[in-house]
Structures are given as structure tokens and as C-alpha cells.
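Heads up, the chain below is alone and in the form predicted on its own; it's given as C-alpha cells.
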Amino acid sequence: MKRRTFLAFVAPSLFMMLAFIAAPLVSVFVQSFYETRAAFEQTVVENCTPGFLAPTCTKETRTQAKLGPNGKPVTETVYVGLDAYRRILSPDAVMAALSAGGEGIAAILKIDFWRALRFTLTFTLITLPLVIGLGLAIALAVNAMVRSLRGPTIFVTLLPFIITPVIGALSIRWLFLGDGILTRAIEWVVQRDISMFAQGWTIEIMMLIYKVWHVAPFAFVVFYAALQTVDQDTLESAIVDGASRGERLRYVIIPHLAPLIAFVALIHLMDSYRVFDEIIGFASQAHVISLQYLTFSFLTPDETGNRAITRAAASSMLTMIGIVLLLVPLLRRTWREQRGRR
């Protein structure tokens, strides 16, 4: 392909990536070092009270918001350096918690960022193997079915993935909320009253189950499509050689699916680390928050209408760094495998 033709195909994608991905990232990175706040000025106010022979006057220095010609408060943008990151990470509180007289991990998890990071990592790393394992199991089961049953089974399996994430989360929540159907069923089994939304760990379990239920169909579709390209001669040779079903899966099917397993893992890591819909759908803010929700809370106006944009930008950059750290080992391994095949 000629260089001009190649650039003609690539240029639109590069432009869109620069305009809608790179430029916003750079803007957010810069905003994390600057803070826009109201400008204040000190004024000297003289107060006089009537007195004998002469009034008594006192001078008082007051700090008040600076007003512009239109009568509105004046704002100024100042460089704050790493102050936003320090306020989010709270290194002093972390060191105090880890000191000899500190409360340890329990005190650290009371800080919003570390509490959100704990749940985000737990949510991501627990659902990843479950999604891949369940998706692969469903793909193998459907591939072994008779052809007349494959179509209806695929249709039913894909339904959770078609549902909008927030709607799916709300639906699961309603099944357990109060006297929901599943709550009543569990109460009948254990013969006691339960409340699934009274504690954080029960909410986390429901969110984990929902995520696996919602995303496993995506892994299933990818793996099922790949199973159609497995070399049948190799499988038949393995059967003739006496390989069991587990050995064929381990030495023939899994190596064939390895690139797609890495692909599904990459997509799931990026998606789960930005978990937000589940927090809103399950209304878990009082018990469980994620890094993405923490950024959202910084952008939510407070009682005075102000938003912590600087801290929101810093939180977004920390989330981005976390995603990169999770993806680098997987990307390096995939790169090495591709180079080894060449």
C-alpha cells in the first residue's frame, strides 16, 4: 500500500483520537494542577459610635469577596501543584494509620479514595476470571449442542448483555429490595428476616453477581465464534491419540483461544475499573463507592453551587494511571507472545 493511501485511511482516525481522546486527557491533566476560586480582598472598615464630646471610632480589617464591575464575584485561577493529589491520597493520614499507634488498614479504608480503590480493584479482579470462565463454559456447552438448539440458546444467553447496564442493575436491585421476590425466597430458605442492603458486603456480592451475569454473554460470543475456527484435524488427531476431553481443552482449544482470552481480559479490565453504573443502580453510595463515582461526586455542585473540578481532574488521572498499571502486564505478555510466533 502506498504511503499516501495509507495516510488517507489512517488520518481520520488519528484526528478523531487526538481531538476526542488525547486533547481531553491533556486538558484534564493540566486542570489537576490549577484551581479556580473566588478572589478575596482585604478592606479596612471604620465603625464610629456616638460618644461624649467626640464619637468613638474603631478600624476593622475584613476579608470579603472581590466583586467585578457587573457586581458578580471575581474568580482567579492559581497554580496549586500537587495539592489536589495530596488532598485525595491523604498521605499524612495514611502514614499516621500505618504508624505504631495507628488503626492500620481500617483507618485507611475510611478515606474516600482508598475506600473507592479497594472496591474498584476487588470488583475488577474478582469478576475477571468469573466472566472468562463462565463465558468459555457457555461457549463450549453451546458448541456441543445439536444445531436445532443453538439458535434459541444463543438468543437467551445474549439477553443480559443487550440490557442497558443501569436498567439491569435497577432490575436486580428491585428483586432484592425490601420484600423483593429473591429476598422472600432467601428468607423462606433460611427461615429468618434479611436485608440485603443493610450491609456493604451483601451489596458487593450482588454487584459482583450482576456484573458477571451482564458481561459473560460478551465473552461467550467471542469464544463461541473462535471455536468455529478450531482445526478439526488437530482435534481428531488428539482423539485418536487417546486425549481426554480435558486434555483436548487444555492443549488444543485453550491455546487457540489464548489471543481472544487476552482481548476479553483487556476489555473487561478497562470497563470494570471504570465501574459507575452499578453504584448508581444499586444506590450503594452509603456503603460502597468506586473511583469513577468519586470523580462524579467531586463534580457534583455542593450547597453553594461550587464544584471541586481540580480534585475531579486529579481523581480522573489517578484512575487512568490505575488502568494503565493493570493493562501493562497483560499487554507486555501479549506482545511477547506475538513476537515469539513470528
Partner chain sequence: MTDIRPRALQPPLWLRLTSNGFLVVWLVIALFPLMWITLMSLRQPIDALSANPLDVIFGKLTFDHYKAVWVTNGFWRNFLNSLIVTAGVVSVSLTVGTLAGYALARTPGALAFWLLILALIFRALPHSVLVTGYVPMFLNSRELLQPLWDAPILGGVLSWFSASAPTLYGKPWAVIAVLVAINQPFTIWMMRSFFQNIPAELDEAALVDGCTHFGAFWRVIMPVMWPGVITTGLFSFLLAYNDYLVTALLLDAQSQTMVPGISQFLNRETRAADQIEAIAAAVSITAPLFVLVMVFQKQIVSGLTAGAVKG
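Keep in mind that what you see is a predicted model, and the values were worked out from it rather than measured. Numbering follows the first chain given and starts at 1.
Only in words, not in the display: the form predicted in complex with the partner chain, which the text now covers.
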Next item on the list: Taking 4.5 Å between heavy atoms as the contact cutoff, choose which of 158, 93, 82, 194 touches the partner chain in the predicted bound form.
Entry: 158
Check: If we take heavy atoms and a 4.5 Å cut-off, which stretch out of 186-194, 158-166, 118-126, 96-104 is in contact with the partner chain in the predicted bound form?
Finding: 158-166
Note to self: Within 4.5 Å of the partner chain in the predicted bound form - does that hold for a heavy atom of every one of 146, 151 and 271?
What the structure shows: yes
Check: With the cut-off set at 4.5 Å between non-hydrogen atoms, does residue 86 touch the partner chain in the predicted bound form?
Finding: no
Next item on the list: Give a yes or no for residue 222: in the predicted bound form, does one of its heavy atoms lie within 4.5 Å of a heavy atom belonging to the partner chain?
Entry: yes
Next item on the list: Give a yes or no for residue 27: in the predicted bound form, does one of its heavy atoms lie within 4.5 Å of a heavy atom belonging to the partner chain?
Entry: yes
Next item on the list: Verify the contact flag for residue 252: yes if a non-hydrogen atom of it lies within 4.5 Å of a non-hydrogen atom of the partner chain in the predicted bound form, no if not.
Entry: no
Note to self: Given a 4.5 Å distance limit between heavy atoms, list every residue of 12-36 close to the partner chain in the predicted bound form, or none if there are none.
What the structure shows: 12, 13, 14, 16, 17, 20, 21, 22, 24, 25, 27, 28, 31
